[in-house]
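Below sits a lone chain in structure tokens, taken as the form predicted alone.
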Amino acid sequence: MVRIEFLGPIAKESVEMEATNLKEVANRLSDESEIKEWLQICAVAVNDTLVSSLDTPLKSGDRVSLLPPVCGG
């Protein structure tokens, strides 16, 4: 099981799911209309390390974080 965390303004509680890579996570989350739009603009971290490939492998106990863009000044 991997834990998916939704940070910042994403209004969703963390969930756990079976997945072997980020592509599987993205496919499952894209079925949820309130999350689908965030998937296209968020950075993604696995165990606090930013990743850019959906082929990133996952193992049981990993934590995936969706990081929405922020602005500041």
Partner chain sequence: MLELYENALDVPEILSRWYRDEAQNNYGAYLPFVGTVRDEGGIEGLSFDIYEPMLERWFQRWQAQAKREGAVVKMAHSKGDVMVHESSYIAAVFSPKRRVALTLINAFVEEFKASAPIWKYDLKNGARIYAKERSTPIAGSGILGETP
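Keep in mind that what you see is a predicted model, and the values were worked out from it rather than measured. Numbering follows the first chain given and starts at 1.
Unshown form predicted together with its partner chain; subsequent notes refer to it.
* Answer yes or no: in the predicted complex, does its partner chain come within 4.5 Å of a heavy atom in every one of Gly8, Asn27 and Ser30? => Yes, because Gly8, Asn27 and Ser30 each have a heavy atom that approaches its partner chain to within 4.5 Å in the predicted complex.
* To do: Could you confirm whether Lys23 comes within 4.5 Å of its partner chain in the predicted complex, counting heavy atoms only?
  => Looking in the predicted complex, residue contacts with its partner chain include Lys23, since a heavy atom lies within 4.5 Å.
* Contact of Lys12 with its partner chain in the predicted complex (heavy atom, 4.5 Å) -> No, no contact at 4.5 Å.
* Exercise: Val51 in contact with its partner chain in the predicted complex, heavy atom 4.5 Å -> Yes - in the predicted complex, heavy atoms of Val51 and its partner chain come within 4.5 Å of each other.
* Asked: Does the 4.5 Å heavy atom contact test between Leu66 and its partner chain in the predicted complex come out positive?
  -> Yes, Leu66 lies within 4.5 Å of its partner chain in the predicted complex.
* Though the partner is not shown here, which residues of 37-59 have a heavy atom within 4.5 Å of its partner chain in the predicted complex? -> Those in contact are Glu37, Trp38, Leu39, Gln40, Ile41, Cys42, Ala43, Val44, Ala45, Asn47, Asp48, Thr49, Leu50, Val51, Ser52, Ser53, Leu54.
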